[in-house]
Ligand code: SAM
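Form predicted on its own, single chain, as structure tokens, below.
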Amino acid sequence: MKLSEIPAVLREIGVSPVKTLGQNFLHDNNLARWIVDQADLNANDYVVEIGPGLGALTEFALEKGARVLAIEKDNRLMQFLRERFADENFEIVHGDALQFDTRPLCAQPRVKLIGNLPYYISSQLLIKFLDYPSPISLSLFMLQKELAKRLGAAPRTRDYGALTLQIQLRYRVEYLRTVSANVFIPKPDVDSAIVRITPRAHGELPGCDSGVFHRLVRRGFSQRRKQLGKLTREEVHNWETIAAELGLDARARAEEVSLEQWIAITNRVAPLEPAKTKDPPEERFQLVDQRDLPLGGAPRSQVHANNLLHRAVHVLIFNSKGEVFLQLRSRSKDRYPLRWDSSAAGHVTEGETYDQTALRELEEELGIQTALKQVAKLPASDRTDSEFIGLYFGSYDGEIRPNAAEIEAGRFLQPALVDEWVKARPDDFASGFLECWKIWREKNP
């Protein structure tokens, strides 16, 4: 939309730009097209657009053939956009993006996020939509220049801070270009910038307990001029030793510590794997025959290497809303790392029963205890990795405390959404879960 057209359109729909809502409308069509080009959109993409305004970006996203879901807080702008884009690929919802439920996005094959974010809530929107794990494969934002520089900042710069590390732990940030305030009506007080944010590749950085990481970072940056060792002394008891191992000055401040060093500090404080004794005995699985009768035990490595028949359990935990808890398997798992799985799952060790294993895995992985009921027995097959699986379910509404050494993340989801997600992106899941979920849904349609 041209600069000369915008005032007339705003008058027609009765909109006076509200500064508190961040209503600054982009009038440079060449810039709008360039921004959308950076998202590399095509007909396979499902685009979520935050704050579409008068549709400057929406127009070019639809032109690429993508499906667009726009979230607009101003009802007058929503009605205008609904009339402007009478396109089967366009959907608009009236609401606050901070209240938007991102979970249904998991059911879309490929999701991208674009938006000219209102300056006053940009940080909150970033944290919400990039909350890990996110189904969003690429985010392209117009932000206040100062915030954009913070997201991509490097150590030993004034822009480097807690928000930098919170985002960079899981994502790569590219500062694409600065945008003059002159391309907006009304003209904002500051310049903007375009950033592109993409998930980090598996294995790009070591894993760590993200809860401990963020807690340490917040403490470290709570007083920027104070030494990090003094700010974190309650949790980092041997700071001088850790600093020496990482090549840091013991008097270093938070802004001098790189992302990789923050991860290393976290893993010194809260190791993902429990300390191992010298030459520990390898876990022994219960071997069985083709009728699931016990044959004795064998080491884990031997069982997996030779596809020997053995036993496992899967547990599905539901809350009172009818939602099922799914876990994202740890990146350190030797099988199906960073795949979604049942609430809890594990192998039956030598001498254990299915029931004993189910209760043990529930407490070890989720930190909870509740009554369980076995609802099915799955035969061993290639799809279950040669495992006979006992499938259990239980109910729980209390706090779940996932074991960071086993579980990367977790969330409650409506079963219907899980069905759609499995259909859209089956490769997101461990194969054993897919078999278990199929049986569960047959029994609970």
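Numbers for residues come from their place in the sequence shown, where the first is 1. For clarity, every value in this text was computed on a predicted model and none was experimentally measured.
The discussion below concerns the form predicted in complex with the ligand, not included here.
**Q** Report the residue, out of P271, G367, G95, P294, that has at least one non-hydrogen atom within 4.5 angstroms of the ligand in the model of the complex.
**A** Spelling it out, the residue with a heavy atom inside the cut-off is G95.
**Q** Give me the residue from V348, I197, I317, L77 that has a heavy atom within 4.5 Å of the ligand in the model of the complex.
**A** Comparing distances to the ligand in the model of the complex, the residue within 4.5 Å is L77.
**Q** Pick from 294-302, 113-121, 172-180, 227-235: which stretch has a heavy atom within 4.5 Å of the ligand in the model of the complex?
**A** In short, 113-121.
**Q** I'd like to check something about E72: if you look in the model of the complex, is any of its heavy atoms closer than or equal to 4.5 Å to a heavy atom of the ligand?
**A** Contact check for E72: yes, within 4.5 Å of the ligand in the model of the complex.
**Q** E387 versus the ligand, in the model of the complex: is there a non-hydrogen atom within 4.5 Å?
**A** The answer is no: E387 has no heavy atom within 4.5 Å of the ligand.
**Q** Does the 4.5 Å heavy atom contact test between W421 and the ligand in the model of the complex come out positive?
**A** No, W421 stays farther than 4.5 Å from the ligand in the model of the complex.
**Q** Is the gap between A56 and the ligand in the model of the complex 4.5 Å or less for some heavy atom pair?
**A** Contact check for A56: yes, within 4.5 Å of the ligand in the model of the complex.
**Q** Is the ligand in the model of the complex close enough to T102, L130 and P133 that every residue in that trio has a heavy atom within 4.5 angstroms of it?
**A** Checking in the model of the complex: none of T102, L130 and P133 is within 4.5 Å of the ligand.
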